[in-house]
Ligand code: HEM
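Just one chain is shown here, as structure tokens, and it is the form predicted on its own.
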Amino acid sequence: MNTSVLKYRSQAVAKPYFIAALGLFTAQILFGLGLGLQYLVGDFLFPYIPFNVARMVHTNLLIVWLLFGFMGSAYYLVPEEAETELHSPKLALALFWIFLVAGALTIVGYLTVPYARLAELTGNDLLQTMGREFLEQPLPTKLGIVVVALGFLFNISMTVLKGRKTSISLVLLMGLWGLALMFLFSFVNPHNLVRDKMYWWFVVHLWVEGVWELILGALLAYVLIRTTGVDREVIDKWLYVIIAFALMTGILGTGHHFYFIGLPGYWQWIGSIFSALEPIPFFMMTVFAFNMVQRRRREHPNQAAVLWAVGTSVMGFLGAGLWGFIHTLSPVNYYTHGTQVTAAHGHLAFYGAYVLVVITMISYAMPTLRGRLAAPRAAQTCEMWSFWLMTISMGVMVLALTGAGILQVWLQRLPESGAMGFMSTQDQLRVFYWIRLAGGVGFLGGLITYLASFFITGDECEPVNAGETGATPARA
């Protein structure tokens, strides 16, 4: 077995980030299953893990593990694109432990200390930043995230500056810097509720429908270049067009969150029009991925990574594009906002666009981090089964939530239907919640199958020469 297939030794710092990401991903799914049960058995785990705490942990783990995945992907990708060693591998490992310990302590705080008491203990009276969805982190954790982000960006930026500049590394860098800058709005928590919600959406929306799309495009382009052998110039052109559409529609599409929070009425037009255009870059990404695979110049030994990459483009279009479009127009959003339709869109969009692209990078990079050009055939088969198990299970969850959301609108939001109360409506949705729970169990099974693939040994894939994969002996 070839034990020196990494092009640059410093790429090895990505491995602990990927391992931590998968561990936190598993924890997120377990808390998600707990939440699904609490919809059906109201006192499940009460008072030890009440619903509000479980939901907070579930969403915070999602953000943290994706950040670990993005950082690990950057540490693996940038040295190879820049054709130079990482500026400081020691800094990367130090930041890893700081981020991991800070994140773990924060989750322990959520689970063991009442949230109001946690706010008192962590200085929220000095700078009030807590209490908003996705941004519940205590002040010390938020400051720690900023320190880690700045150290990470310094490390990556210095690597790019001293080496080759490619479209992929520059787009990735733009997305990562944008991610860090947008997070600074989490420290702005004005007493005016309208301004508060506006700044909150600056973080949440301009992350997932703005700068994160740049990261998504860069990672997907990198894997497709490595696995298809298509000329870089072709992929670069696609990448530029995709990110241009993503930024144009994503930034102005923020307006679909401004419909009913007190901002001027023209946002209903701006938000509706540009949000309706947001599926375009995701559709282009789907066409791009299929086009590159069809034009491939070689059969890469890591076919599992190719499946994850193509799956990212398709599921990203369905989740972020199609399911987002379903309720993005203001006359529709008036009835659907905050219903299970929103939950359906959120689950499929995060899974399709960001969960899958991180797994794509892990699937491509982890074999080389473990000294192989590609995983054994049996392990890749296991990975492919995990892709279909997770994707079909997510589809079951999303269809169940969509059905629940449509019925919820009919029973609760439409005056002519009698407008049931919230809890009475929830009782009518239980069958959908049971189906959603079944999908969640299937998803956990798919994730366990994926994790199991790392422990499968056997014959290696057919060897390919280093020039075809970009793999050369690691440099000192």
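Nothing here was measured: the structure is a model prediction, and the numbers come from that model. Throughout, we count residues from 1 along the sequence that is shown.
Although it is not shown, the form predicted together with ligand HEM is what the next lines describe.
If you check ligand HEM in the predicted complex, you find no heavy atom from any of Tyr8, Tyr76 and Ala304 within 4.5 Å. Look at 176-184, 329-337, 374-382, 108-116: in the predicted complex, residues with non-hydrogen atoms within 4.5 angstroms of ligand HEM sit in 329-337. With a 4.5 Å cutoff on heavy atoms, Ala320 counts as touching ligand HEM in the predicted complex. Using a 4.5 Å cutoff between non-hydrogen atoms, Tyr39 counts as a contact of ligand HEM in the predicted complex.
Looking at Glu278, you'd find a heavy atom of it within 4.5 angstroms of ligand HEM in the predicted complex. In the predicted complex, ligand HEM lies farther than 4.5 Å from every heavy atom of Ile225.
When ligand HEM is considered in the predicted complex, only one residue from Phe245, Phe350, Trp267, Phe202 comes within 4.5 Å through any heavy atom, namely Phe350.
The single contact residue among Val314, Ile406, Val148, Val208, judged by any heavy atom lying within 4.5 Å of ligand HEM in the predicted complex, is Val208. Along 17-32, residues Phe25, Gln28, Ile29, Gly32 each place a heavy atom within 4.5 Å of ligand HEM in the predicted complex.
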